[in-house]
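Presented as C-alpha cells, the chain that follows is alone, the form predicted on its own.
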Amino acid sequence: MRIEKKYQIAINDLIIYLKNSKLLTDERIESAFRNIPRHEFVLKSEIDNAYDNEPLPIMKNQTISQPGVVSRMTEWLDVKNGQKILEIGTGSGWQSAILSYLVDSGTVYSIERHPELVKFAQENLKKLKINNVHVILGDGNFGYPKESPYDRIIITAACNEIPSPLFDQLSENGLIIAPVGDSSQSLVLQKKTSKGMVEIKKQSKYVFVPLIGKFGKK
C-alpha cells in the first residue's frame, strides 16, 4: 500500500529510535513496521501520536501497545512463514496485522472479549486488505481450541499466570509469550517440549492492561 510521505518519515524516525534502543534488531520485523502503518490502527484523535513509542488509548479502557513492546514480543516469538498463531487480546488489530505479515501464507486467530474492539480491529484489517487474520469474539482465557494446535501463542494482556488451557493448544516445540505479574509484569517466553514447558527468556518492568477472567483480574 502507498503510505503518505509524512507518515513514512514518522515511521522511519520511530524505527531509527527502536534500533538505537536495541528494541528492534530483526529486518523482517522492521519490514512489517514499514508495511503495516500504525496510524491505520489508532483512534482519529490519536493519529498525531501514532509513531510515538507510547501505548495509546483505544476504546473500552484498552490500549494499542507501544511499538517497542510490540517489536520485542514479536522478535522473541520468532514467527515463521506458514505458521498458525493464536493471539489473546486483539485490541485495535495492529499486533495481529504485524503477525499476519510475518506468517504470510499462515494464519492468525485473535480472540477479543469486547464486541466494539472486534468490529474496530476487523475494520482496520479490512482497510489494509489483510485476510489471513480471523478476529473472534470470546474469552481469551480459554484460547480457541477449535483451530489448535498453534505454532505460536501471544498474550497481549497482563495475567497472574499463563492460562493453562493455552499450554494444551500449543504444538510441541511451539512458543508462548505473555506478560505475567500484578501491577508490574515480566515478559515471559516459554517453549513446549516433550518433557513439558521450559522458560526461554524473561524480562521485567512491563505494564499491560489486565487480562480479565480466570487467569487475570476478576
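These numbers were taken from a predicted model, which means no experiment stands behind them. From 1 onward, residues are counted along the sequence shown.
Beyond the structure shown, there is the form predicted in complex with a small molecule, which is absent from this document and is the topic of what follows.
Novice: Check Gly138 for me: does it contact the small molecule in the predicted bound form (non-hydrogen atoms, 4.5 angstroms)?
Specialist: Yes, Gly138 is a contact residue.
Novice: I'd like to check something about Ile3: if you look in the predicted bound form, is any of its heavy atoms closer than or equal to 4.5 Å to a heavy atom of the small molecule?
Specialist: No - in the predicted bound form, heavy atoms of Ile3 and the small molecule never come within 4.5 Å of each other.
Novice: At 4.5 Å between heavy atoms, is Ile177 in contact with the small molecule in the predicted bound form?
Specialist: Output for Ile177 is no: heavy atoms all beyond 4.5 Å of the small molecule.
Novice: Applying a 4.5 Å heavy atom distance criterion, does Leu77 contact the small molecule in the predicted bound form?
Specialist: The answer is no: Leu77 has no heavy atom within 4.5 Å of the small molecule.
Novice: To test your reading of this chain, name the stretch in 127 to 135, 78 to 86, 144 to 152, 105 to 113 whose heavy atoms come within 4.5 Å of the small molecule in the predicted bound form.
Specialist: Contact criterion met by 105 to 113 only.
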